[in-house]
Every structure is written in C-alpha cells, then in structure tokens.
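The chain that follows stands alone, in the form predicted on its own, written as structure tokens.
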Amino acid sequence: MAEAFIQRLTPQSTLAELPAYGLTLDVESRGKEAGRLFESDPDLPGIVVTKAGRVRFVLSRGQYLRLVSRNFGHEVFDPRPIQLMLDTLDADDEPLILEDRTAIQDAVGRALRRPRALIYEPIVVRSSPGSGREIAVVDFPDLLRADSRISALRNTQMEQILATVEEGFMMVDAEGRIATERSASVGKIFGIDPAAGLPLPVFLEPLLGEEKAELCKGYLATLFNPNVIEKLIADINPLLRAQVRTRNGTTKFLRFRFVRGLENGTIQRILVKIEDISREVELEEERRAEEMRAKERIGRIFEVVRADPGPLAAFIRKLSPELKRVRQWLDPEKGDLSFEDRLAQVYRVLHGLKGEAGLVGLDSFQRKAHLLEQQLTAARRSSELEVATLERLRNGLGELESAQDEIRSAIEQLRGLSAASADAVPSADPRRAHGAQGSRPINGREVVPFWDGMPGWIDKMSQRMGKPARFYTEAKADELPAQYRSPLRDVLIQLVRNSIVHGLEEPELRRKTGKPALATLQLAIRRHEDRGQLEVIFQDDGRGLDWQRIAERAQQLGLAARTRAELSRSIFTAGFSTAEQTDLDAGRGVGLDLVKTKLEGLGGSIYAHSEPGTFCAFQILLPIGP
C-alpha cells in the first residue's frame, strides 16, 4: 500500500490520496473492543472516538498501551467504557481534524504546530459529502513519507520531529548502512546511539544474536530488490517481534518495520521504525497465563466431579495438616532437624500425598507434587545456600497450597449446586441419599474400606504403564481397626505402585511364561488373636524380586546385604530404587521407605517374600489393640 500511494503523489496531492483507516467507537464502548481492533490489525494507527456522533478523540495504539499499563491495568480497563480513559487525558489533547482537500505540505505544517507530545499522533481527516468516507484516520508516518516525497522534507522540520517522537526511526541506505537521519529515541531504545555508516546488521548482532542479524541482512537485500513487491514480503519480516538485550543490560521486546523510500521511482533508502512492544508482549503473556489458570480450574472441577466422595473427603481432611507439617520443615527457624533430615521428611510426606492424589483421581495435584519432588532432588545436589534452597522450596509448596484451596473451592461450588438441585428436584430413592460409593453399613454406621477407589486407580495406572492389572480382595471393612485405616491406605498405595512399576511384566512376556496377560494384585487381612497381631498381606503375580539388581544397588549404597534376608530388608532403605529413570511413578527410592516408617510408627513391621518369576508378597504385622 505504501509503495502504491507514494508513486501516485504529485506536488498538488492532498490528504484524500493517503491511506486511511475508518474505524470509529463511541466513548461508551468497552475497552476490550478497542483492544480487539488493535490486535486484529497490526498496522492500525488509531481509532476515532465519538460522542453523540461528533469526534471526541483519536485513540492511538501507543496511547492505548501506555494508559492501560500506567493507569488501569488490562483486567480493569477491558470491561470499562473508553470514557474512563479519556477522563485521565489533558484538555489540550484535542484531535487535529483536517479536510481531505488539505494539501499534504499544509497538513505537515499544521501537525508540527501541535504540542510536542502530540506531533506523532494520528490525524482525523473529514471527507467531502458523498465521498463515502466521512471520518478516517491518517497515520503521521504516512503523512511524513508523503511530504518527503513531495518536497524532500529535511533539516529543521525533520530534526524537530525525530527529536520528539517516542518511537525510533532511522534510515538505511542501499548498502545497509545507518544514515545520519534518526530519531533521538533510537539511542534510548537500544541503550546506545548507533554510529552513522555502520551496517544495521552489524549494529544489531550483539543485541539480537548472530542468527537474527543475518536474517535482517537478507531481508534488507530483498527490500532493495525492485522486482519484489513490498507488501507481499511484510509477513516474513524476521524482526516483527524480537527479544533484545540492550547495551545497558535490560531485556525488552521490539518490533522493526521497514518501509521503502522511493526517489524518482527507484528504491534509494529504507525507513526503519522501531517500537518497544514489551508491554504488549507482557499483556499477551498475562492473557495466556490466565487462560491456562482457567483451564486448570475447570479441569480440577471435573476431577472433583469424577472422584469417589468417600476417598476424596478422606484425602482433603488429611491434606491440610500434612502441608502444614511440610511448611514447618521448610522453615529454617523452626525445629532442630538438619537440612538433610528436613528434605527426607518432606520427601516422605509428598510421596504419600502424590500417591493418594493419584488414587483419588486428582491428577493435577499429583503432577504438582511430582514437580516439587523434582525440586527436592535438585536441592540435594545443589551447592546453593540452605536458607535460599528452603525459600525456593517454600515457593514450590505454595503451588500445592493454592491447588488445595482450589480443590476446596470446587467442592464448595459443587456442594452448593447439589443442594440447590436437591431443593428443586426431590430424590427418587431416599435410601440412596447417604453413603459414599463402596461404603458398607456396619453396626448401624458407615465404614469406608481403606482400599476404596483402588480398582479404578490401578486400572488407570497399569494402563499408563502398559501392564494391565486387576485388584482382588475378600477382606471385610470391619476386619481392620479404625486407627489403621488411613496409614494402611498410604501403605497400600505405595505397595501397589511398587508392584506395577517393578514387579509386573508386560503382557507379551507374561504370555510367553504361561501367565495370563492380565496381572492380579491381591489383598488379604487375617487376625491372630492368640498372638495379638493383625496380619495384612499384599501380593502380585509378577516377576518377583530381582535379587541380583537389588544386590548391585545395595553395594552402591554401601549396605551390608549378603543374605536373602538382608537383601530383603535393604529395599526399605531410604533412597533405594532399582528404577533406571525417574518419572511420575518411580525412581526416587521413597515409596518403601515411607511404608516402613509408617508401619514402625504404628508399632508394626513389614517383610518381603518372593519367588522369582512367580510372585512377590509383602507381609505386614501390626499389634491388635486391647
């Protein structure tokens, strides 16, 4: 467009021959409408703002971004009328309205007599009746290029303009060298004033990097090729959005635009316009972040809806005190634990919460807990100061605490919706109004089995690992004392995870060894009144313990493990894992250590029994209370 209108200009040309944008908004329009118009057309210089049909103001792109950033903030301004922004502007900020019959040189003179801060602002052009375009906006750079074409505007007027505008302007000759004509803002934008005669790519290389500078060099060469249509290559401009590290050490985002300067029909120079779009990029990132948070909130609501109410309620009751314990361990001013002991305690709690979140179906919480585990692993290897490490880990813990609040909020929203629905629609079967899925009435009260929700979680996890498995038990809910249900639920989660990751074979291998492709995980509970013991057995029909790999790992950790009994005990050591890599399900050597710690806290013990290629069983012994 620029090349076409410049070629048609003559000394008698008027504003009617310049490119114009006819977008208008009423002062009562919402800010988001202005933002949408600027986003839809990156070349749009401004929007005519009207009140009762009369021109009130010209809202330029630069003013929009500055006012949104400085006065309101994107979230505040978007839903408010544009009038709110106009109220903050000076009374002198009246638009320059010219008739389309105005000569271009006269228009430049009128523009230069405006207040210094308004010289670069767009101009309103009022067309003659019947022209089909009553009000439009002309960009001042277009007016300036037109005036340069007509009268070769230089010296006083050019210096005044270039010293005033906030945007950076510079000229580049056919050799790619920076000319003397440039705005004072160029030096402010880059943190250094470019030397005249220096090739533009050479100047930009330390700021943009070698690759971008080389792309700029090639693009300039293309622009100076008269056989290439300027409009068609505008989209391949390699510097439409460039991250720049300036000479004074700051990082910003800039947009470079290149416009051909024609003299006597030939391309003599290129006008380079440099805009600081850092705030624009920041707003874009804020929008994306908010969209991601909204998606996470919606996903968390779906997780809560799908979750089994009984296990979910148990997890939520447990979550808050556990996270409080973790925060205390991460506070260097509290407790007398060593740095390593603090991290070990946090590991155990996080690993347990991660497993139970997976069982309940709170996958987003499980992923956040896994990320914090990764930070803990890095902290153990880091040479960073302990206080700084603990502070960084507390920030990571904040993510889990925020997730906890959002889960509670989702539950409250669903609870309110459920109550409203219950008031509106009577229950078809009142007998089904109470009790979580999987719960059983015992002695007139509801008892939720500690393995409730396990089949679904096992199915999901085993499918993810490519090892289909089922869960089987004939145990009754009342066989397990109430004080053991919550800790044994944590234990069972870790044992199931251990079996699927380490014990079960892939279906094809199982078939080759004569086993069914679907593996089986079993749970049994026995009471030995004569010995005062409760026995819990968890068993899989997998490959069994790999004694050779266990021995190799024990040797690496410096453990005394020569006999089968010693090797069996070594797998419960903190940090012991035979997994080759760390992922969401294994590799940190925390699971069985957590199991042993919990059981010993209950006065119990655990033993591993295995037959290679056949099974692995974990035997848990707990005292039966009086």
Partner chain sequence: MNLLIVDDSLIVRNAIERCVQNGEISSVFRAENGQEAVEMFAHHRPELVTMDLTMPKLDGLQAISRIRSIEPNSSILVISALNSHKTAMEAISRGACGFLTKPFTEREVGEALEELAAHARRIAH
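These numbers were taken from a predicted model, which means no experiment stands behind them. Positions refer to the first chain, counted from 1.
Form predicted together with its partner chain: not shown, discussed below.
- Of the candidate stretches 476-484, 230-238, 368-376, 524-532, only 230-238 has residues whose heavy atoms lie within 4.5 Å of its partner chain in the model of the complex.
- Of the residues given (225, 338, 463, 548), 225 alone sits with a heavy atom within 4.5 Å of its partner chain in the model of the complex.
- Residue 218 is the only one of 197, 516, 398, 218 with a heavy atom lying within 4.5 Å of its partner chain in the model of the complex.
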